[in-house]
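Below, in structure tokens: the form predicted on its own, a single chain.
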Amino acid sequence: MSPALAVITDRTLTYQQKVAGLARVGESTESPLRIGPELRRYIDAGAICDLYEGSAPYRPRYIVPDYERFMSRGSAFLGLEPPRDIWEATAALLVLYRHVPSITTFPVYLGDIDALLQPFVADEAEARKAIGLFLLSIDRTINDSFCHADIGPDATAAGRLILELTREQKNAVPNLSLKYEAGRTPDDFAALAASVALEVAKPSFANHAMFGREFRDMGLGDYAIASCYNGLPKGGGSCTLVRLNLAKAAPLAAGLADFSSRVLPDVVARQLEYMDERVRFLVAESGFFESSFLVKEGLVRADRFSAMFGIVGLAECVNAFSGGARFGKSDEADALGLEIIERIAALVAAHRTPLLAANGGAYLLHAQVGIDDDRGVSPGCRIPIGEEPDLPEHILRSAPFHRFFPSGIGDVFAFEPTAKANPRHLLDIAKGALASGLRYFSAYAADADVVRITGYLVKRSEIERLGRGEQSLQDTTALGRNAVNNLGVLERRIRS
């Protein structure tokens, strides 16, 4: 059966999911990228993976519009004036979301929605109704939980309403981050976020001080958390995300010395070569930056786009060379992991692409969360499921890796349901984790219907529906089901 016919005849796909699937089949019919035999060997071995971006990239993988500009100026292309009340504000955003592309076909960033809506909160009851319908519409029409919104770091009436409504609706979309900053984000607001997270697996806590400092140092100014937990410049985004699967690269070496001296530098160089080629085609040939109204109206700018050098499977790579010491349990193994990441970071930082101005043309490191058909490959730099140490040790062993990944890294912790009775305890843990150097902290209660798979959210009940051969509204449900089966994400250590 052909790939197109397989999509057409799949009874578990909705009409919209079939259209998106057929589009991906269509994309794969053209192969304009220049791929040499050395790069092809790494791709065929699974050591380098383009994460299903397609063989002819025609839009950036992740687009992060300047929604503040849109709210203040409206859009000539969409025929929208700047909104004047909460109804016009939510309607205008929903219209724009429909026209923001990405790898998923849906927007991966919805804006700092509390700050965007706060100026229009005049009557709280009316705002609650409008924002409730806004969030409901997002869940029902943006059928992908890589869709992400941010709140914080300041407490607002709109932010509180968003958290309260998130708890009431218990929807998987949108994903949500709280930009948390000690001394700025009020404890009562953060505690509300913690209580909601235990019930709905969101929001996660993003280290606002760390992200903000790094993006200022790169000359990129304000940042957004998009898709899973991706730190990207507002008004720009990422042209591509290609990942290095260290678990698949390790077997290509004849030992640690060979890996360090030959395989690692070569596979990094080939991945950078592949990213350059994908960026070249997108920027120079696809016409996106010359034709999109988002560019013409200043909602995104070409000089604020970078690209993401992803890594996955560090734990398995380390374990292959550590002589029985286990990553996340041994100082020796963790030191080897840091050595590998430091080496990759140096190689990536030394590389420049002249086609991108953001960060001086240097790519951003990203700890990739994995894909649904990974087996025996841990996300990013995470400690493998089933080998997690006690919570304090887990945090302290993970934290040293987070500083290398300005475009995203995170750790996920499942808690006993009794934690819901004391959300301030979870807040204390989150505070300590961020103060220890964690960039992104995610938590949920083990009995929650909405669970965090790796960096995205899925409902257990929807996985069960798909398992019965029924359709699921969110297309990420299938990814979540496969991740449950292949990665054991529901088997994380339960924290008391």
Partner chain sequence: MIPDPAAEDVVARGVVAKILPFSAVDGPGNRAVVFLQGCDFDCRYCHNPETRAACIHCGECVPACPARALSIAPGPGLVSWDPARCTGCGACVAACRHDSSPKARLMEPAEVLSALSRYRPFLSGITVTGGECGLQPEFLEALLRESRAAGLPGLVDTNGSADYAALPGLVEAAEGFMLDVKAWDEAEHRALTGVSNSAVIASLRFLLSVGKLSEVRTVVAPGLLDAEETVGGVSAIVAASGRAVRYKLIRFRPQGVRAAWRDIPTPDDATMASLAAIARGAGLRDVVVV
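All values derive from a computational prediction rather than experimental measurement. Numbering follows the first chain given and starts at 1.
There is also a form predicted in complex with the partner chain; it is not shown, and the following applies to it.
In the predicted complex, at least one heavy atom of residue 422 sits within 4.5 Å of a heavy atom of the partner chain. Taking non-hydrogen atoms only, residue 436 approaches the partner chain to within 4.5 angstroms in the predicted complex.
Interface residue remark: residue 392 is counted as part of the site for the partner chain in the predicted complex, having a heavy atom within 4.5 Å. Residue contact check for residue 470: none of its heavy atoms lie within 4.5 Å of the partner chain in the predicted complex. This chain lacks the partner; the member of 396, 385, 349, 357 within 4.5 angstroms of the partner chain in the predicted complex by a non-hydrogen atom is 396.
With the partner removed from view, the residue among 30, 428, 38, 44 that has a non-hydrogen atom within 4.5 Å of the partner chain in the predicted complex turns out to be 428. Exactly one of the stretches 65-73, 52-60, 460-468, 428-436 approaches the partner chain in the predicted complex with heavy atoms within 4.5 Å, and it is 428-436.
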